[in-house]
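Below you'll find only one chain, the form predicted on its own, shown as structure tokens.
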């Protein structure tokens, strides 16, 4: 009995560690969704397909399929492309945002299908490998097996999320974003340009999506559906954290990463989608305003 419990605990901590690493990536995707929702009340269902298209662009630019560029230049070009796509999507749906958030949300589904179709048209349906310049080393620390990939994800997530929170908390643009998230009408009366802040949110969300997509690829493969499936779990993280809370998205991402890891290992990998749906339904019933709001108020 004690041996069985010991074996469970022996597996538990490594599973929680790897779940936390994956959860950081879910948090990046969730933060992008929440940024858009907080500013414009639109759920961006094109998030995953646009990020996936950008990941394929990096593959095409760096592998010789489209160009034969260095990895850094390929990432830069893909980022410029995804910013342009975000600008284009918002330019098209911005009239809808001010008429009906629901209509604007539904329209993002169309843009997601367009991005998926463009990926299939340019790159085909084949599964490809996207190698990232990640340090290849490993070490054991307090019983945990830590790799260069783990440290890279942790470092990139901390820097990216820390920068985002700094911008939102301490810059004029961030103050404007928080004001519009709190009361769009009052913010507009005070002279703030709602469209500019909406566009800022869409661009930041697109960049966060690409960063998360790139870092999730080394753990799996790159296909038309890979990043979209990743964003489904990011969506669950946003639901658990509350679509009105940026810190909640971070907590939700880590929780989803750990819980999904534990379920896959101890129960079954075949029913992870069902488990994810159950988590979403439980979160909507138990924490309708987000897990942090239930614990002690959500942060605006």
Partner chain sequence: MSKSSASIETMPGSASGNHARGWLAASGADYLLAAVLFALPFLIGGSWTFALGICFANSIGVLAVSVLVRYGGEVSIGHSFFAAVGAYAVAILDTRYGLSLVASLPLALVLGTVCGVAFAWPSRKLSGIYLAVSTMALALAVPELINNADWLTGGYEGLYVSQSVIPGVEASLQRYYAGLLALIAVVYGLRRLRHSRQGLTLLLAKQHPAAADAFGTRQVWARIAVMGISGGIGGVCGAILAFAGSTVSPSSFTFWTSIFLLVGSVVSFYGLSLTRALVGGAFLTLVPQFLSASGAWIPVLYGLALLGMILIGHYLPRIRSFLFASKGGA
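Computed from a predicted structure; not experimentally measured. Positions refer to the first chain, counted from 1.
Just so it is clear, the following notes concern the form predicted in complex with its partner chain, a form of the same protein that is not shown.
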Residue-level question: is residue 273 within 4.5 Å of its partner chain in the predicted complex, judged on heavy atoms? yes
Partner proximity in the predicted complex: residue 121 to its partner chain, non-hydrogen atom cutoff 4.5 Å: yes
Would residue 239 show up as a contact with its partner chain in the predicted complex if we use heavy atoms at 4.5 Å? yes
Answer for residue 49 alone: is it within 4.5 Å of its partner chain in the predicted complex, judged on heavy atom distances? yes
So its partner chain isn't shown here. In the predicted complex, which residue out of 76, 159, 84, 92 has a non-hydrogen atom within 4.5 Å of it? 92
Among the candidates 71, 98, 165, 145, the residue which, in the predicted complex, approaches its partner chain to within 4.5 Å (heavy atoms): 98
Of the listed stretches (215 to 223, 107 to 115, 173 to 181, 199 to 207), which one has a non-hydrogen atom within 4.5 Å of its partner chain in the predicted complex? 107 to 115
Suppose contact means a heavy atom within 4.5 Å; in the predicted complex, does that hold for all of 17, 20 and 291 with its partner chain? no
With its partner chain taken in the predicted complex, which residues across 14 to 47 come within 4.5 angstroms through any non-hydrogen atom? 37, 43, 45
